[in-house]
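Presented below, as structure tokens, is a lone chain in the form predicted alone.
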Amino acid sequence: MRRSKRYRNIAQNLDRSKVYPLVESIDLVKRNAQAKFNETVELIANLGIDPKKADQQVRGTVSLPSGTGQTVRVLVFAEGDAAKQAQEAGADFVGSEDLAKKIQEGWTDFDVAIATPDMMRIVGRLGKILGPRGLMPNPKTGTVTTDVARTIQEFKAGKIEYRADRTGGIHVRVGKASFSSQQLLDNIRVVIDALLRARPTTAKGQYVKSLFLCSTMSPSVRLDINEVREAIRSGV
């Protein structure tokens, strides 16, 4: 993959062998985010789990105190009163069979999918499309619910889903480069705390193997895992 000259210059001046304290890494990523658009800041965690084992799945949701900094497009599978509540709560797309048909035709222009329990008979057919994209409604993440209004408001306000991929990696957006360092710090702390709490009891050895922070167009910065744990523990 060919990188831009700006990316190569930043990478050249970045000590890739060094691990950085959390606060310093945030400042470094913000400083390197020099694109003409407001870059997304992302936390990447590599976990010591075996995702092939059902009892070592790491998946959940967490509410970012500073929000995501972007507009979240919410789709809701619902009918009747639940559909009306979803519309009133600000859902971007509401429907049932009509939405399922659009998705089967290749449309996935939304960020979160929510469904009422009775709609899973329809949504279940979409697993091969929504699953790989991390968009499949699931009771474990609260996206299969009877309280659609509250769930929509939570995701609009900054609730996000995290999920380990087939290699044990997790990629989570934690804000925008325009956020203050404190806003990013607050978001990152709650995400890492959630990941630590989500450790499967059957996971052996080192759970968090590595942590990186990056923005959309800049190289990643490796975090000092021990310092991060201590910072979260002490509330820094």
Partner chain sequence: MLALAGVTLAYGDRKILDNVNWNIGDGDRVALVGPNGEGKSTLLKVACGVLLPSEGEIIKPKNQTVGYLPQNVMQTRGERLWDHVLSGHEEILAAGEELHALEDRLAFPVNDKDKMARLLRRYGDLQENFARIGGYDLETEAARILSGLGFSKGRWHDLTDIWSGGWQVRIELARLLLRRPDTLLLDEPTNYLDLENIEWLESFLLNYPGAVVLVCHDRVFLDRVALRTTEIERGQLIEYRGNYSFYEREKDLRREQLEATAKHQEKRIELVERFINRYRADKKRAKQVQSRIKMLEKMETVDVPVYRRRLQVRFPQPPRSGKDVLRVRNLSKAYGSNVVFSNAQFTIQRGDRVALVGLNGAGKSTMMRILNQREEPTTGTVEIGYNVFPAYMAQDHADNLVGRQTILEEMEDGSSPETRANLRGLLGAFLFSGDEVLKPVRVLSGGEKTRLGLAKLLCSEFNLLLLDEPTNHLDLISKEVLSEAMEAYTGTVVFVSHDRRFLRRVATKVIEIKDGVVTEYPWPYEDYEWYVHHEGK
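Positions refer to the first chain, counted from 1. Given the structure is predicted, the values throughout are model-derived calculations rather than measurements.
The same protein also exists as the form predicted in complex with the partner chain; that form is not shown, yet it is the one meant from here on.
Contact between N138 and the partner chain in the model of the complex is found at the 4.5 Å heavy atom cutoff.
Interface residue remark: R197 is not counted as part of the site for the partner chain in the model of the complex, having no heavy atom within 4.5 Å. Using a 4.5 Å cutoff between non-hydrogen atoms, G106 does not count as a contact of the partner chain in the model of the complex. Although the partner is absent here, P117 is a contact residue: one of its heavy atoms lies within 4.5 angstroms of the partner chain in the model of the complex.
Of the listed positions (S63, Q57, Q182, S210), a single one reaches within 4.5 angstroms of the partner chain by any non-hydrogen atom in the model of the complex, namely Q57. The stretch that touches the partner chain in the model of the complex, counting heavy atoms within 4.5 Å, is 128-136, out of 150-158, 128-136, 106-114, 86-94. For the three residues K36, H171 and I192, a heavy atom within 4.5 Å of the partner chain turns up in the model of the complex in no case.
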